[in-house]
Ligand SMILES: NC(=O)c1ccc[n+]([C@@H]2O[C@H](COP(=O)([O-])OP(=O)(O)OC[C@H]3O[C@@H](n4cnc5c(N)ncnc54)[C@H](OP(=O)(O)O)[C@@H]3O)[C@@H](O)[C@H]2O)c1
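As a starting point, one isolated chain is supplied in structure tokens, in the form predicted on its own.
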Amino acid sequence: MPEQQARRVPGTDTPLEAITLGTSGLGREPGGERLARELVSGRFRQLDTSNEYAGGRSETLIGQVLGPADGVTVFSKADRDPRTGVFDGDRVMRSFEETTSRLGVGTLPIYHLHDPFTITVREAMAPGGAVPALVSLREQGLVAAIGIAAAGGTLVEDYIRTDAFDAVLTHNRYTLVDRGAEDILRLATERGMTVFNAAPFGGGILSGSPRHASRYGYRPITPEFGQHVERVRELCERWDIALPAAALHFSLREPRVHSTVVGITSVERLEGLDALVDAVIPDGFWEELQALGTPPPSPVD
């Protein structure tokens, strides 16, 4: 794994690891109990979840297997009301209570504002809004740090510019074939924020899965984008490098990214992560990747 500058979870003495396991799929399929046990007992000691993942079952399963001696750090997110879409300060507080109850904890190291698509930034920042509630949780010591986690670059950038947040989580926007989060990384770095880069495989197209070969970030790709992906795939073949290994290390080697969030949907995928992390990618590969030029706009740009 590439060496990165040592960093701690903001507001804590807990070291921040380069890999965080994403659990959005935990609880959607049978066998979730086994996967949850594997997630908290393996090599990687950070989990990312959310109030809404699998209708709360992701957090519930983690809470059922998580013990105080496990040494696992769990990050979660506040979500809008699943029935009404309301995402005000009261909803943030209820979301926090639901999450901590499921996880069986009293505090959280990082608590993100998650996909606030039903409100404007102005509404979120207003008295009684979602962001003042997050700030209150931080001031009370119930969360060590607060973050913004959302799809869509401009929205995330607007929240970063409020200077209210300690961390940002972007996904499907900074990968081997996409630089859409460049402004997010720049703004976050200027403010000393902790950066999580999620979905390094672009929703599956960079994982080598034929099922996802025609989609990026869960959206259909354009011919131009597909041609660029094919050139990157051919480059990996010339260097005898697995495409998903190159995709993961693209994020791991980026100094402005402090932890890469890898979604884990099965025990098999978790077991395969070791080999991807431990892969050695020669410097020459990155030089040739750069020579391919700036990737065309992705479907999520």
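All residue numbers refer to positions in the sequence shown, first residue = 1. Please read these numbers as outputs of a predicted model, since none were measured by experiment.
Below, we turn to the form predicted in complex with this ligand, even though it does not appear here.
Using a 4.5 Å heavy atom cut-off, indicate which stretch of 85-93, 225-233, 122-130, 193-201 touches this ligand in the predicted bound form. Partner-contacting stretch among the options: 193-201.
Given that this ligand is not shown alongside this chain, does V143 nevertheless sit within 4.5 Å of it in the predicted bound form, heavy atom to heavy atom? V143: no contact with this ligand in the predicted bound form.
Using heavy atoms and a 4.5 Å limit, would one call T265 a contact residue for this ligand in the predicted bound form? It does: once this ligand is placed as it appears in the predicted bound form, T265 has a heavy atom within 4.5 Å of it.
Taking this ligand as it sits in the predicted bound form, is H212 near enough to touch it, meaning that at least one heavy atom pair lies within 4.5 angstroms? Because a heavy atom of H212 falls inside 4.5 Å of this ligand in the predicted bound form, the answer is yes.
Though only this chain appears here, would D166 touch this ligand in the predicted bound form if you measure heavy atom gaps against 4.5 Å? D166: no contact with this ligand in the predicted bound form.
Can you pick the one in R37, R57, R256, R269 that has a heavy atom within 4.5 Å of this ligand in the predicted bound form? None of the others qualify; the residue that does is R269.
Using a 4.5 Å cut-off on heavy atoms, what residues in 7-25 are near this ligand in the predicted bound form? Going through 7-25 in order - heavy atoms within 4.5 Å of this ligand in the predicted bound form - the hits are G22, T23, S24.
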